[in-house]
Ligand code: 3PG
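Consider the single chain below, provided in C-alpha cells and representing the form predicted on its own.
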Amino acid sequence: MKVKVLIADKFPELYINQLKEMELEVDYQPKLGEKDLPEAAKEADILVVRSTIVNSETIKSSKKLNLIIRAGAGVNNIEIPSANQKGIYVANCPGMNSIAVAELAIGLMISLDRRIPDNVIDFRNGKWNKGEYSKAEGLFGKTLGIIGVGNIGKEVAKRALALGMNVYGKDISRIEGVMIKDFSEMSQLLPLCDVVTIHLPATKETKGLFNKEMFGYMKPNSLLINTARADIIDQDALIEAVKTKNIRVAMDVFKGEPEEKTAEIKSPLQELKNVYITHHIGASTEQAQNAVAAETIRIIKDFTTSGVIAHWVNRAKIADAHYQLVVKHFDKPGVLASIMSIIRDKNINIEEIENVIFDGGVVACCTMKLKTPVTTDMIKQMHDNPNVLSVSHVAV
C-alpha cells in the first residue's frame, strides 16, 4: 500500500510532482482549515502544513499518521503534546525562509519611516500632500534593536548594517557570527533603539513579552516591527503605546488574524493611523517557498527510505539519563538482546540507544543512555558473552 501524503496548504506544483515520482499517494488540498483537518487527515501517513492549525482532534482521530511537517520554521500551529502521546514525529524546515522574512522586515522599516502606505492611499484618494510626507528622518545612523538573533535576525542584521544602522541584538544565548553588539537586558537595550524588530519563536517565555513594561522602555516616536508571532505582543499595551508615545508599528502578524486565505477582517488596529499591517506574507516569496518545499521533500524522502527524521522537533531532550553504557560487539543476531536482558532483569530503563556498525559489517558499537548505573556484576555478565569485545560505563 502506498504511503499517503496530505498537503493542507499551498505547495509548489513542481514539488508535488516530485512526491508523485517517489510513488507516494499525494492528496493536495490547499484550502483545508483547522476544522476540516480531522476528517481529511484520518487516513494520511504524512501531513504537511504551513499555517493551517493541526489541533488535538486531528491527531487523536488519525488512524495512520506518523509524521507532521511544518513547511516553515515555527511549529506553534501544531498540537505537539498530542503528537507526543501518539508517537507522531513533528518536523520543520528551519532557516529556509529567513531571507524572505528579513526582506519584509526591512521593507516595513522603510515604509514606516517614509510612510509609504499613507502616500499611496492619499494618491489613490486624489490627495497630494508632499509637505506632510517630506518629514521622514531616514534610517542611516539610527539604532536598531533585533530581539531574537536566530536565522532571520541575522539576515536582518546584515541588511541593516548595509543601510548604515547601528545594530544591537538580544538573544537567549550569546550572539555568534554577526558583527552586532550583544545586549543581555531589555531594560538596557530598548531605551537606546530608534527601531525595534522582533524575531522570536512563540513559547511560554515569549508570550506577552512586549507588555506595558517593555513599551515603557521604548523611546517616544520609535518604530516597532513584528514579523514573528502575534502572541509576543500584548495588543492592549501596544495600542496604548501608539496613542501615548506615538510609537509607529508595522506587523505581519496580529491578534485575531483569520485562518482563511480570504476573509472579512475587523480589528481595533484598523483605527490607528500609525499602524501598518501586512497579510502574514513574511515567508511568501517564490524563492522561500521553493526552498521550504525542497526541504520538505528531503524530509519525506529520508523518512520513507531510511526512517531518519530531519529537524525532528519533538524528540525528547534526555534530562533523566545520567549514565552511558557503550558496548562494542560482533554484529551478530542475539548479542544486543543478551545485553538488554541483563539490563532489563535489574529494572533499569534505557532512555536512548544507538547502534552503529563499523565499515565491513563485522563489529558494531552500541551506546545506551541510562537513568541508573549498571553494577560491576552486570558488566562482568556482559563480558562473559564471547561476542562482546568491550564494555565501558561512565556517568554523564
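In this text, residue numbers run from 1 along the sequence as written. Keep in mind it's a predicted model, so treat the numbers as computed, not measured.
Unshown form predicted in complex with 3-phosphoglyceric acid; subsequent notes refer to it.
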Partner-proximal stretch of 280 to 288, 162 to 170, 117 to 125, 133 to 141 relative to 3-phosphoglyceric acid in the predicted bound form, 4.5 angstroms, heavy atom: 280 to 288
Could you work out which of Lys154, Arg229, Arg248, His311 is the residue within 4.5 angstroms of 3-phosphoglyceric acid in the predicted bound form, going by heavy atoms? Arg229
Partner-free chain; cross-checking 3-phosphoglyceric acid in the predicted bound form, the single residue of Ala83, Ala241, Ala73, Met214 with a heavy atom within 4.5 Å is Ala73
With a 4.5 Å heavy atom cut-off, would you call Arg50 a contact of 3-phosphoglyceric acid in the predicted bound form? yes
Does Asn97 make contact with 3-phosphoglyceric acid in the predicted bound form, using a 4.5 Å heavy atom cut-off? yes
